[in-house]
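One chain is shown next in structure tokens, namely the form predicted alone.
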Amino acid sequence: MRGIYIVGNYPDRESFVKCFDAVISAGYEFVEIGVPFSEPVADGPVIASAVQEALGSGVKAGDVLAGLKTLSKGKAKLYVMTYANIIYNYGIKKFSDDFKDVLSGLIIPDVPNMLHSYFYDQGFEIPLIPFVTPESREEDIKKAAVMQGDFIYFIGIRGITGGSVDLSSPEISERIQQIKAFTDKKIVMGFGIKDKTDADKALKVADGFVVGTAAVKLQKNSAEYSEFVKSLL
């Protein structure tokens, strides 16, 4: 599962759609749309800056979400990454009802795996993607392994997006093997993957990758963006 993260409607709707189309044309299996939020605590400086710029330009979360239904995603799956307040303000059940036919999953980095049940108890029908980190305890990995979501999001670094990950580290491969021992789900690695070398290394230990910061850096130039996403495959 190879994927690219894109900040929704950044730097504007037209540019965003061009970048989105470039990812689809390149043949990625999924696209992760970041819905701008004023306090993106999991995001590093590049994505946080893009998000703040988008918000400053008047990008509204509701507009990004409404626009998802108009995207031509082809065979690719579509996931949204955003923060809990966006979902709360939209309405948990309403969000699910409006987007369950569009989205394959939702990634909420400020909601711990153990609290996913709260959303389902409210009638949420979109699968929430569980996270596993290098620090996750074995008991938490076992719980994540049986949660909803068609993959487990493995955060390869300690910290926020945009850092560096040592994909040759035995710790990474050992931890992914540990996760695989408890689940048949795909393991998709994110955070710290910035080029084809990293992507190739990630695919040797995991079932997929997602590139965020390195792609967002180019999101203002759709031509360069298109060449970059093709270069990762």
Partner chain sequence: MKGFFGDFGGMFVPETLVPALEQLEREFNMLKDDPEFKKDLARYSTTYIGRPSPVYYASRMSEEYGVEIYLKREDLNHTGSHKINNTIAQALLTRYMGKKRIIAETGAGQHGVATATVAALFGLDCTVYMGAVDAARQKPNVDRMKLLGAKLELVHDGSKTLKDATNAAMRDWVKNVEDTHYIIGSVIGPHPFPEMVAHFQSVIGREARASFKEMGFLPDAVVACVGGGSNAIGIFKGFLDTSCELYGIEAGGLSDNEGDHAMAIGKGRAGILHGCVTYLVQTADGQVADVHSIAAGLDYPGIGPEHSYLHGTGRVTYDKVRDEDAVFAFRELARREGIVPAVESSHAIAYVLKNKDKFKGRKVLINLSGRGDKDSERDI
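Owing to the predicted nature of the structure, the values given are computational and were not obtained by experimental measurement. Residue numbers count along the first chain shown, from 1.
Just so it is clear, the following notes concern the form predicted together with the partner chain, a form of the same protein that is not shown.
Proximity to the partner chain in the model of the complex, taken as a non-hydrogen atom within 4.5 angstroms, holds for one residue of Asp195, Glu174, Asp166, Glu39, which is Glu39. Just one of Ala145, Val102, Ala84, Leu71 comes within 4.5 Å of the partner chain in the model of the complex, counting any heavy atom, and that one is Ala84. In the model of the complex, no heavy atom of Pro170 sits within 4.5 Å of the partner chain. The shortest heavy atom separation between Asn113 and the partner chain in the model of the complex is within 4.5 Å.
Within 4.5 Å of some heavy atom of the partner chain in the model of the complex lies at least one heavy atom of Ala61. By the criterion of a heavy atom within 4.5 Å, Ala26 is excluded from the residues contacting the partner chain in the model of the complex. In summary, the region of this chain contacting the partner chain in the model of the complex, judged by heavy atoms within 4.5 Å and restricted to 53-61, 178-186, 195-203, 26-34, corresponds to 53-61.
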